[in-house]
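Take a look at this single chain in structure tokens; it is the form predicted alone.
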Amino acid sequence: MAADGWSWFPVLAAGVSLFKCLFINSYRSTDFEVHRNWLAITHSLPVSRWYHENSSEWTLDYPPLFAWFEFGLSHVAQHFDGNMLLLQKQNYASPSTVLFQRLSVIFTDVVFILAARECCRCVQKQKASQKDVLSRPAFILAVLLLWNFGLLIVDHIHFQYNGFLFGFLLLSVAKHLQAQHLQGALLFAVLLNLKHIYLYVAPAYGVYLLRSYCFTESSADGGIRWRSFSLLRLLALGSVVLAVCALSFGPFIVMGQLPQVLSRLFPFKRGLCHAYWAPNAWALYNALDKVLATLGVRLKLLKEAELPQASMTGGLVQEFQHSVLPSVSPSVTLICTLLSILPALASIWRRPRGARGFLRCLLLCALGSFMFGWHVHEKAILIAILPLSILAVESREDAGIFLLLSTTGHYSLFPLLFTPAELPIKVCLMLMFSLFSFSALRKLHSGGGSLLRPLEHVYLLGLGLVALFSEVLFPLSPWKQRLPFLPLLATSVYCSVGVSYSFLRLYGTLLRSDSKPKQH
């Protein structure tokens, strides 16, 4: 690697891996017990009982390929502490168990490191004449990916395996950027069978591969040439996807357990929003409903006793009814999501603009699903932030969108770490990542003024005030006992504005590119 100017990459990767070890004994969420229980389920029970076991509330609700991943980890775990693999050992967290689970996340991040390197190679030729390594797009992208604030706190403090999963997504994107479409499709099929949340971006893959892989030619203006359709390519693509799905779901289909597996994967009883509202359209909708209900009671237009008792701000994961506005069903969220992504899908169908046009469509699908999906988790914003890093080092306008979305989206993750001990950690980590992002991208795209517009600067200053109120002032105020969820409400609603704006601005770049010549 040193011969082609890549000697810095293993140093960067090793540095972040060692840095993650500092958080081994930090706060961990209930997701730690979730994955410990999954280790126990897959190790202790026959396959036929994996998706039926419910002695713990943390039932297995990821696709079968991830269950096999846990099964493999369990065989390593038994050499650390066999007790962690016992179903009856609920909330078990011996030092050896903590060490194993933390290290398992760090070691499986090797997939993400490989993916980051492939993505960096895709931008290596951009401004390659720059001698300063720190100013090269590939180096900046590597830092934005490997040292991403959101991944650090979600995986290595809060606890999950997102880096491992995002590795498959970014590897798939890189393969498409390198025109290796079958490999990209294979990697994405594997990813879908590891975690089904990536269905958010499946429409972008489906339309892009059908249009740009199965149709081998386009007309001079970028339109479709129907005669260029390749049945052989369609069959090859279908075979790859079906083979992965058969490997993953096949045993459960044979056992007649497919309905049971699907009921675990899609539990619509969980309600429109998570306990902490993800910063999306439904957070704004919920907030508006609360405001209207409060005004209605004060103006004596509504009777407080007749309003629904279930509270959306009560911190519970449950179904609920809105007080004034119409309640939202899963079918409504599906329709809204489809409507929000249809223009992006139609755009790459009408005039494909190469793999980077696909990447832009993928981002819009991720954000559209985040904005309007059912029971969206706040961590899903990373599905948009991480791939957007690639465009941010190539395009000045995309860099501005990245700065706004990453700052807003990352701050929306602050409530995941709510203990006082983690406050300085999350503040310092986010400040370091944000300062690097702003300085590096400003230097990379120098010569055209600020990357952000004046109102965007004002918005980010307001975000700082929300952080000051939520993290410092509110805990010291008398409101802490009476309105415990006020900081969560303020964070969710304010961040919703920034995410919504970023979504619209990103759509603007797509619509403007429709009038530009096709990229090859």
Partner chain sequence: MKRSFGRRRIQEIVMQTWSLVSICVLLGVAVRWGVSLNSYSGAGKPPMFGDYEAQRHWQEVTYNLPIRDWYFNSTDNDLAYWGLDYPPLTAYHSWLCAYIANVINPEWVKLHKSRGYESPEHKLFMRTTVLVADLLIFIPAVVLYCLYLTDGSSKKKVSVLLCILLYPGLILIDYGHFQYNGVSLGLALWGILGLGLGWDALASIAFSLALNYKQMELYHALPFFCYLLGKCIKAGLIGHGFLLLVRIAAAVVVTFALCWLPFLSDPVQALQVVRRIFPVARGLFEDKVANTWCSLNVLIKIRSLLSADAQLYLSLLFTLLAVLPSSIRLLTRPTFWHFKLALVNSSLGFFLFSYQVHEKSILLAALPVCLLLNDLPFMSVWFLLASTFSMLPLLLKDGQLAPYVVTSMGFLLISIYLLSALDHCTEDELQLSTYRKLFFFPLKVDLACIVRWKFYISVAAMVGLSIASVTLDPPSHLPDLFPVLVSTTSYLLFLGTFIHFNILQFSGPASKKSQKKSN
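Residue numbers count along the first chain shown, from 1. What you are looking at is a predicted structure, and each value in this text was computed from that prediction instead of being measured.
Same protein, other form: the form predicted in complex with the partner chain, not shown, and the subject of what follows.
Every residue of the trio W8, N25 and E422 has some heavy atom no more than 4.5 Å from the partner chain in the predicted bound form. When the partner chain is considered in the predicted bound form, S439 lines it closely, a heavy atom lying within 4.5 Å. Shown alone here, Y501 lies farther than 4.5 Å from the partner chain in the predicted bound form, counting heavy atoms only. Within 4.5 Å of any heavy atom of the partner chain in the predicted bound form lies no heavy atom of L210. Although the partner is absent here, L18 lies within 4.5 Å of the partner chain in the predicted bound form, judged by heavy atoms.
Residues with any non-hydrogen atom within 4.5 angstroms of the partner chain in the predicted bound form fall in just one of 243 to 251, 174 to 182, 340 to 348, 132 to 140: 132 to 140.
Interface residue among F164, W374, W147, Y276 relative to the partner chain in the predicted bound form, by the heavy atom within 4.5 Å criterion: W147. Proximity to the partner chain in the predicted bound form, defined as a heavy atom within 4.5 Å, singles out one entry of L284, M432, A236, L258, which is M432.
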